[in-house]
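What follows is a single chain, given as structure tokens, in the form predicted on its own.
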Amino acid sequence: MADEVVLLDFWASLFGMRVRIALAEKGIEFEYKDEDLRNKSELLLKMNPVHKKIPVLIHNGKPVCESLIIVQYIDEVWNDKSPLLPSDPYQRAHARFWADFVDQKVYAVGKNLFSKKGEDQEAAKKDFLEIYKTLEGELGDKPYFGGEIFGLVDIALVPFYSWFYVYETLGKLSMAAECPKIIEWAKRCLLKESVAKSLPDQKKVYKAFVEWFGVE
């Protein structure tokens, strides 16, 4: 019996992109359902009654929620190709630490760039760049965060690249000037088909953002 895989998602979701990349890395066929987040479907409310958020992976009728949990679930269930986590327990814990760092820090500092004004925005910009410079330090001269293998930390972070134009325009900064290693790493990731087909165009994201929030 073939696996039935459904993804409840939203095209511009940074967190949904993670799941799409993981599914593509594993070569898993799935049904994609794009959600209207202002009018959530009954299926979404049923499958994620606690948080009522996307993404939700429904595997043979059973829901799995929260993007990093979903990515690790995908890696465990479809473990016959393209491992997303190292086999060594210490290295695996290290990857989970940095993926959690991305989850805890990166989204929040990015949001502050366009939700704050004046001196608060300048402080937010400083925090934003500090977080990315910390990530540059962890990346070092490695091609990917896990070394030679594209894995969990890369999947956690690379969707944010699709929002860089939003951050740069509204936050008045240049990621290429401030964090060149992150840009080089992101472009390296985009050479992978799984990433390229999962990330929307930066200008499309910016246009949608302006329409959603009425800012420029």
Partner chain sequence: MAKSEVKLLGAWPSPFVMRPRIALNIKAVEYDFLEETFGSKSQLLLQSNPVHKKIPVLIHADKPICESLIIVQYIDEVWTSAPSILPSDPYDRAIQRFWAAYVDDKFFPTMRGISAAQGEEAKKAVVEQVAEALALLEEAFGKCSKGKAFFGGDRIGLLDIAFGSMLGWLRVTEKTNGLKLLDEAKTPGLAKWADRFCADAAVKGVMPETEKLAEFSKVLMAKMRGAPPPK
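Numbering follows the first chain given and starts at 1. Values in this document were obtained by computation on a predicted structure and should not be read as measured data.
Here the subject shifts to the form predicted in complex with its partner chain, a form of this protein not shown in this document.
The single contact residue among I183, I149, C65, L173, judged by any heavy atom lying within 4.5 Å of its partner chain in the predicted bound form, is C65. The candidate spot formed by I69, Y73 and Q104 lies fully in contact with its partner chain in the predicted bound form, as each residue has a heavy atom within 4.5 Å of it.
In the predicted bound form, at least one heavy atom of D100 sits within 4.5 Å of its partner chain. Using a 4.5 angstroms threshold between heavy atoms, P89 counts as touching its partner chain in the predicted bound form. When contacts are judged by a 4.5 Å heavy atom cut-off, L191 does not count as touching its partner chain in the predicted bound form. Though the partner is left out of this view, R38 does not reach within 4.5 Å of its partner chain in the predicted bound form, counting heavy atoms only.
With the partner left out here, its partner chain still marks one of 156-164, 45-53, 22-30, 174-182 in the predicted bound form; by a 4.5 Å heavy atom cut-off that stretch is 45-53.
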